[in-house]
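One chain follows as structure tokens, the form predicted on its own.
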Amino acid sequence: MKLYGTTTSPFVRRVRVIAHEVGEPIDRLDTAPDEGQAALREVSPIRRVPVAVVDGRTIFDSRAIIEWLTITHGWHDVSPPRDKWRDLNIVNAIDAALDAVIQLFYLRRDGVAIDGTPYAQRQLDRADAIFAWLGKQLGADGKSFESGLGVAEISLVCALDWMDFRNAYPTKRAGIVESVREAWRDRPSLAASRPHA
């Protein structure tokens, strides 16, 4: 599978983790440099990572790529969702928290004085509310939403690690869901793909 993306993107990382878990080799094309961005524009009209090219097919979005991986390879040691709709709601919530924080990160990086504005506060409040809700969704073990390491848990770990890596959100505010990251941080697929400078 040819995977377009960066090593730091939490969305690309979740695909890399699942690919590792199910045994799908990746030929990664780095979209960080200008030539990588040009290559991405050639294959995707939405110009967002990740994009996978596999079996003559181009697949946009981490969730679609993960679905392809699990349908074609099975789940292996990743826990499939017992309640697909609940799992999708959890992943959607994680993605909404990421989107809120990513917006602030890029505005700051582009030099926009966003801190202290009502918009920034709404985005932080949104992330806080999502993490509080996610905490209520945790199972009794405190390390998963259902049982074991699934797409939702991988997505949460990737989101929190990215937020720390980019200093984009103080993850101590995420509360009890930090227990998920602590439980799975040393899993080889997650440890090997953790973003670093």
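Note that the structure is predicted; figures quoted are calculated from it, not measured. Residue numbers here begin at 1 and follow the sequence given.
We do not show the form predicted in complex with a small molecule, though everything after this point is about it.
* in the predicted complex, which of the stretches 47-55, 168-176, 128-136, 151-159 has residues with heavy atoms within 4.5 Å of the small molecule? -> It is the stretch 47-55.
* So which of D61, D164, E146, D30 gets a non-hydrogen atom within 4.5 Å of the small molecule in the predicted complex? -> Answer to the contact question: D61.
* Using 4.5 Å between non-hydrogen atoms, is Y119 touching the small molecule in the predicted complex? -> No, Y119 sits far enough from the small molecule in the predicted complex that none of its heavy atoms falls within 4.5 Å.
* in the predicted complex, V101 touching the small molecule (heavy atom, 4.5 Å) -> Result no; V101 lies far from the small molecule in the predicted complex.
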